[in-house]
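Just the one chain here, the form predicted alone, laid out as structure tokens.
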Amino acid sequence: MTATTEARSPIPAPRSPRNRRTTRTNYELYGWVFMRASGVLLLVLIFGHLFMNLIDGDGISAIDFGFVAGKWASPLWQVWDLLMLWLAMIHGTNGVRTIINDYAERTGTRVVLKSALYLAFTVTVVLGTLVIFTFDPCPPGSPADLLPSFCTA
């Protein structure tokens, strides 16, 4: 009584991805690994930043222009904040890129959204990097009444 009957499944075969080229690179795998590694490193950078600014210092009331100026006078904190900026932006951009790939159905929509994303990434990273490395709280030749109290006129 072992009769075999072939039952056809009413579920259609999976369709191929939406007009995407198939490549033999591990780009998505590298992106996945990067997200995990950068997430862990970002946790260390962010909690170190919060500890030094809020707990080790005088709290949030002590954070002002002078505090940031004094902090960015040290190359350690410039690099620390630069790493936070770059890693957070790359991490976030990669995450939003993944969401765009998952939910934008038309190719044109994906291109427009990714272009806007990459433009926002570039502008933010370039401007943030410039601010960190060119910040001068006491620019030479400024009127003394406009300079902060810690600057020597």
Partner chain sequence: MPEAPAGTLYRGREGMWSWVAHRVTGFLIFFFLLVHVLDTALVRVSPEAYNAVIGTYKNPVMGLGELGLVAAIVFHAFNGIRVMLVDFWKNGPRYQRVMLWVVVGLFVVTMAGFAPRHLMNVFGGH
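Rigid core (definition): largest C-alpha set, two forms, superposition within 1.5 Å. Positions refer to the first chain, counted from 1. Please read all numbers here as calculations on a predicted model, not as lab measurements.
Below: the form predicted in complex with the partner chain, not depicted.
* To do: Note which of Gly70, Gly48, Gly31, Gly57 lies within 4.5 Å of the partner chain in the predicted bound form, where distance is taken over heavy atoms; exactly one does.
  => It is Gly57 that has a heavy atom within 4.5 Å of the partner.
* To do: May I ask you to check whether Ser115 falls inside a 4.5 Å heavy atom distance of the partner chain in the predicted bound form?
  => No.
* Indicate whether Cys151 is a 4.5 Å heavy atom neighbour of the partner chain in the predicted bound form. => No, Cys151 stays farther than 4.5 Å from the partner chain in the predicted bound form.
* Asked: Is Asn101 a contact residue for the partner chain in the predicted bound form, using a 4.5 Å heavy atom cut-off?
  -> Asn101: contacts the partner chain in the predicted bound form.
* Asked: Taking 4.5 angstroms as the cut-off for heavy atoms, does Ile63 touch the partner chain in the predicted bound form?
  -> Yes, Ile63 sits close enough to the partner chain in the predicted bound form that at least one of its heavy atoms falls within 4.5 Å.
* Asked: With the partner absent here, would Ala88, Gly92 and Ser142 each sit within 4.5 Å of the partner chain in the predicted bound form, counting heavy atoms only?
  -> So, yes: the whole triplet contacts the partner chain.
* Counting only non-hydrogen atoms and a 4.5 Å cut-off, give the residues of 115 to 137 close to the partner chain in the predicted bound form. => Contacting residues: Leu117, Ala120, Thr124, Leu127, Gly128, Val131, Thr134, Phe135, Asp136.
* Asked: Taking the rigid core as reference, does the Cα of Asp145 move 2 Å or more between this form and the one not shown?
  -> It does shift by 2 Å or more.
* 2 Å or more on the CA of Met89 between this form and the one not shown, with the rigid core superposed, yes or no? -> No, because once the rigid core is superposed, the C-alpha of Met89 moves less than 2 Å between this form and the one not shown.
* For Ile63, state whether the C-alpha moves by 2 Å or more between this form and the one not shown after rigid core superposition. => After core superposition, the displacement of the Ile63 C-alpha between this form and the one not shown reaches the 2 Å mark, so yes.
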